[in-house]
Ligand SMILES: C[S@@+](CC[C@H](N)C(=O)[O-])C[C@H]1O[C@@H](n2cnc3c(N)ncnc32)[C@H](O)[C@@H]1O
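This document opens with one chain alone, in structure tokens, the form predicted on its own.
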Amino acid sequence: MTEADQQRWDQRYAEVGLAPPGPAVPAVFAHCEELFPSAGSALEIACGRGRGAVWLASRGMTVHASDVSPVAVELARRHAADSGLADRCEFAVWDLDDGLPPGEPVHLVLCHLFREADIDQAMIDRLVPGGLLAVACLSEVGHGPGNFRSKPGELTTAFAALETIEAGEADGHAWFLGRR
């Protein structure tokens, strides 16, 4: 990511500040949150202010999360601490243009509101057998073309090697939940 892009994200996160208190399941997965693990390890990529990481930690998971924005990472750390879950969350600044951050296989990979096809296989490979992949992004379906929007069918095609549990596209969003 360019330095200008990183600065833009830093500015955006500085303007919005801390996440609202407490954990929050990503809305697109709220109807199936019982399918998410309540133990083990998780990797959240493009974690923003840490709402997903805190939600996973509140379920009992140990979470490694990253974002390209140092401002977002600091806000995420504060959110985890304010929620009493700092001991279950580790946050790092990481540019996904360099691939996934290094680490051991995990029980869950969460990627919410970020799409980069170059890391699709790495996300699959990071999962332990039986591990869950949860991806949600902006979509052209119900919206039209645009920057950072997936094309119709893109997620199910990209993750065809996984057992599909839940997938859909509507109202400018696409989501995929699958098991390795």
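Residue numbers here begin at 1 and follow the sequence given. Please read these numbers as outputs of a predicted model, since none were measured by experiment.
Keep in mind that the form predicted in complex with the ligand is missing from the display, and what follows is about it.
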Tell me which of 125 to 133, 28 to 36, 54 to 62, 108 to 116 has residues with heavy atoms within 4.5 angstroms of the ligand in the model of the complex?
108 to 116
In the model of the complex, L155 touching the ligand (heavy atom, 4.5 Å)
no
Is D95 part of the interface with the ligand in the model of the complex - any heavy atom within 4.5 Å?
yes
Using the partner position in the model of the complex, report whether W9 sits within 4.5 Å of the ligand, counting heavy atoms only.
yes
Check whether S69 has any heavy atom within 4.5 Å of a heavy atom of the ligand in the model of the complex, and answer yes or no.
yes
At 4.5 Å, heavy atom to heavy atom, what parts of 127 to 156 sit next to the ligand in the model of the complex? List them in sequence order, or say none.
none
